[in-house]
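The chain that follows stands alone, in the form predicted alone, written as structure tokens.
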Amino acid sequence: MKKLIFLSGTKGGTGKTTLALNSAVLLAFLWRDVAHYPVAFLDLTPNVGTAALILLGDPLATWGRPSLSDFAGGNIADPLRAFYIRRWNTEKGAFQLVFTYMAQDVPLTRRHLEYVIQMVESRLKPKVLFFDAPPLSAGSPLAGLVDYVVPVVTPDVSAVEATKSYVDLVGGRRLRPVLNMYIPEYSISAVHGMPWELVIEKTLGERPHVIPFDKLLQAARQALEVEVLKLRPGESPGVKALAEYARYLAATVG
């Protein structure tokens, strides 16, 4: 089982959740015949993150359900009691994703995470485990626990600097960075005096995968929809770019 996180350091609002959730769903679809639970997804955002809300399908669905917060707080001994299955049916067959979330802001220690990872790997046996975490800082319990890190930036100087400072914090192999919410009409960084793609290459060592700003992605997110299941690549440049990156992940991580 490989462990993967999309990371932008202490910078929020870069689209990490959108990238992580859509990539996880696409890989679950691509690997639907390879493993019973091809992908596991941990939403570690306190007080129920956006990814968990989308996967649950209803904000009220969290009421009365065990979450990873109950495990961290000592209310349940088996963390897999806090995992749920989201299943989809398509013309090419059914596929599913298993996930959990944090219902309350309860400290999740490194020991907790190591045990959760152990249980997921030994009993669910997914090909990849995705982490969706709030902005990370020094001392994160995730440090040293992931195999792959995807740096995520937006065309913003502070986003680039925050990612540069923290991308090595978690450890793991650095994958191709993502330049998200890119607007071609504003391709030049006024601060650096060069195209944003070149700025990212110079900062992170590799040409980024570009995902353009797409209003349709925003509309799908407001409706609590998984974008790649709601929108067609032909109508959404954002979804097309997301699918291309997911195929890259499948070839690299799988």
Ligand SMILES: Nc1ncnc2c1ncn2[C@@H]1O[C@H](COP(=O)(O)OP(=O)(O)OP(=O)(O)O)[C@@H](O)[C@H]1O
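Numbering starts at 1 and follows the sequence shown. Keep in mind it's a predicted model, so treat the numbers as computed, not measured.
Keep in mind that the form predicted in complex with this ligand is missing from the display, and what follows is about it.
Partner contacts here mean any heavy atom within 4.5 Å of this ligand in the model of the complex, and among 25-33, 60-68, 189-197, 207-215 they occur only in 207-215. Of the heavy atoms in Gly172, none are within 4.5 Å of this ligand in the model of the complex. The closest non-hydrogen atom of Pro141 lies beyond 4.5 Å of this ligand in the model of the complex. This ligand in the model of the complex is approached by Gly12, whose closest heavy atom lies within 4.5 angstroms of it. Residue contact with this ligand in the model of the complex: Met102 places no heavy atom within 4.5 Å of it.
Along 170-203, these residues reach a heavy atom to within 4.5 Å of this ligand in the model of the complex: Asn180, Met181.
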